[in-house]
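Take a look at this one chain, the form predicted on its own, written out in structure tokens.
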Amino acid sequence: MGEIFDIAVIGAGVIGSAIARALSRYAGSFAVIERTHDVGMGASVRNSGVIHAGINCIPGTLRAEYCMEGRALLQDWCEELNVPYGICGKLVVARAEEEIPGLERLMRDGEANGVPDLRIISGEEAETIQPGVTCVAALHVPTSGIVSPYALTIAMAEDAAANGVRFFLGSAVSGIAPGADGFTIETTTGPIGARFLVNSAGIHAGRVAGFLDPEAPEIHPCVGEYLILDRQAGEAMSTSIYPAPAAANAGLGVHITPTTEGNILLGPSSEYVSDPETSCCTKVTTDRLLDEASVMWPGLPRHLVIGAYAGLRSKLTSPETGGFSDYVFRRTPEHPNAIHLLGIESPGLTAAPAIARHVVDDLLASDVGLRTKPAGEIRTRRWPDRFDELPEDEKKRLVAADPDHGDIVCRCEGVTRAEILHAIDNPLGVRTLSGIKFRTRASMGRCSGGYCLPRIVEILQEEFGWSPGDFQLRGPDSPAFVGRLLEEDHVCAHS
């Protein structure tokens, strides 16, 4: 079977990547097994990117505990990794008098969880905080924030890889066999051995747990669609706007969220589905998102919608029950060296560093035999500063040192050739077009890659000599091109 790792983590979403980073501070052998060809390509990059304050968690639950602990750790990790984040606050708005009790409940739960400075304010005061919002009252949550979810997930994973964690991308788990010394994890790229196992497979965590634990609870996929508004819309929105809670809702309702990049997000919808691979967006849902968001923000500029995406929540509550369940950290008595993390939905992004800390503490208590690395053996890999956001003097210095910094590849987002080359040279070995997109924001602008995609293709051809069939959108199962319309010599003959 080859190398047997001390600990294998299944799933490289935000939770698995946070666990990998926490483990990388210890001496040992660690593997992360991920079915997709990059990290964080599931729910971890398809969410609102909110740093939750703790008002939406029932006091005394693991969701509440890890949210409150995680938000403090998350900000520390963002500082260490140079990941963009901000504390912009949130307004939870009541559009009618009968919705005010929902605000009062959130305030009570938030105060019980230790959320500071909560206030229920009038609709008039809410509009002074966020011009254009319409409501009769609002709960002001000044400690809520935003973070780039893809930057956070990728930065944690690349930092872990730079510190010795092995990532097996494109390796879907097809079975787990327990043995005397641990587990043999069967994957589509071959078996991987591990003494201890952490299952953080998100929407697939129930299926993975079932290989060892037939009594593990079922995961119910719940899809949420989002709309992306151009950064021009972001100039008018400085704080998150959420609706008052609805009873037994599967999510937090359609909300309006600024992003660290300046865009605005509308969503998500909330619909239970049977297929855990569902990721499509529909015209019906688009119209509904715009209509529901417009109730809170009547001046919503619908013409500035530039994109859409869908993500899946890992819910333990059934469609009949709805609402939220607490997180489940499960060890099967027959296989105590396996930890299953089940139902990690919102605020999972906020809670990720706290979950990672507790999982590692649990493993250390299980006599894994790890020792803390000396500080001199740890090298933090920081998320790169965006060239477009640097001071002019720094831009001039970089261009003088390397002309690639002055070659703009993506006009919408101001991405340079140097940034594309840096993204290609990542410690995970990801060279897909999607991987470049999430590491640079190239093709995330209003033209959706119309200008920059040919330039990126040209750079990849220059660097690797690729033919059309070598370019991948997300991995080998998603070719970017199927061939040429005209051969080069044929094009020349007719030019």
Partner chain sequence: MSARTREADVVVIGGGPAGLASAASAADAGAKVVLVDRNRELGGILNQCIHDGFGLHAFGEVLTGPEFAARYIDRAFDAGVEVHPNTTVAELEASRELVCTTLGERYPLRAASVVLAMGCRERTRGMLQIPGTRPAGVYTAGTAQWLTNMRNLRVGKKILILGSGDIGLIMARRLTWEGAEVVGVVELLPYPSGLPRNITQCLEDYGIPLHLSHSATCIHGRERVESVTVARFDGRRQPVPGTEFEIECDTLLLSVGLIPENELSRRVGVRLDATTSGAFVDDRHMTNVPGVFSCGNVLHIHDLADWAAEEGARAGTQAAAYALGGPAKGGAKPIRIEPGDGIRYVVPQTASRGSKELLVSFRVTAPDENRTAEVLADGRVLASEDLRRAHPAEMVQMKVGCADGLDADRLEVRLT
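Please read all numbers here as calculations on a predicted model, not as lab measurements. Numbering follows the first chain given and starts at 1.
Below, we turn to the form predicted in complex with the partner chain, even though it does not appear here.
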Quiz item: Picking from 396-404, 255-263, 143-151, 115-123, which part of the chain touches the partner chain in the predicted bound form when contact means heavy atoms within 4.5 Å?
Solution: 396-404
Quiz item: At the 4.5 Å heavy atom threshold, is E98 in contact with the partner chain in the predicted bound form?
Solution: no
Self-check item: Contact of L453 with the partner chain in the predicted bound form (heavy atom, 4.5 Å)
Solution: yes
Practice problem: Considering only heavy atoms, tell me if K283 and the partner chain come within 4.5 Å of each other in the predicted bound form. | Solution: yes
Quiz prompt | the partner chain contact in the predicted bound form: A27, any heavy atom under 4.5 Å | solution = no
Quiz item: From the list I306, A354, L316, A94, which entry has a heavy atom within 4.5 Å of the partner chain in the predicted bound form?
Solution: I306
Exercise. Find the only residue in A172, V368, I378, L290 having a heavy atom within 4.5 Å of the partner chain in the predicted bound form.
Key: L290
Practice problem: Could you list which residues of 433-463 come within 4.5 Å of the partner chain in the predicted bound form, counting heavy atoms only? | Solution: R446, C447, S448, G450, Y451, L453, P454, R455, V457, E458, Q461, E462
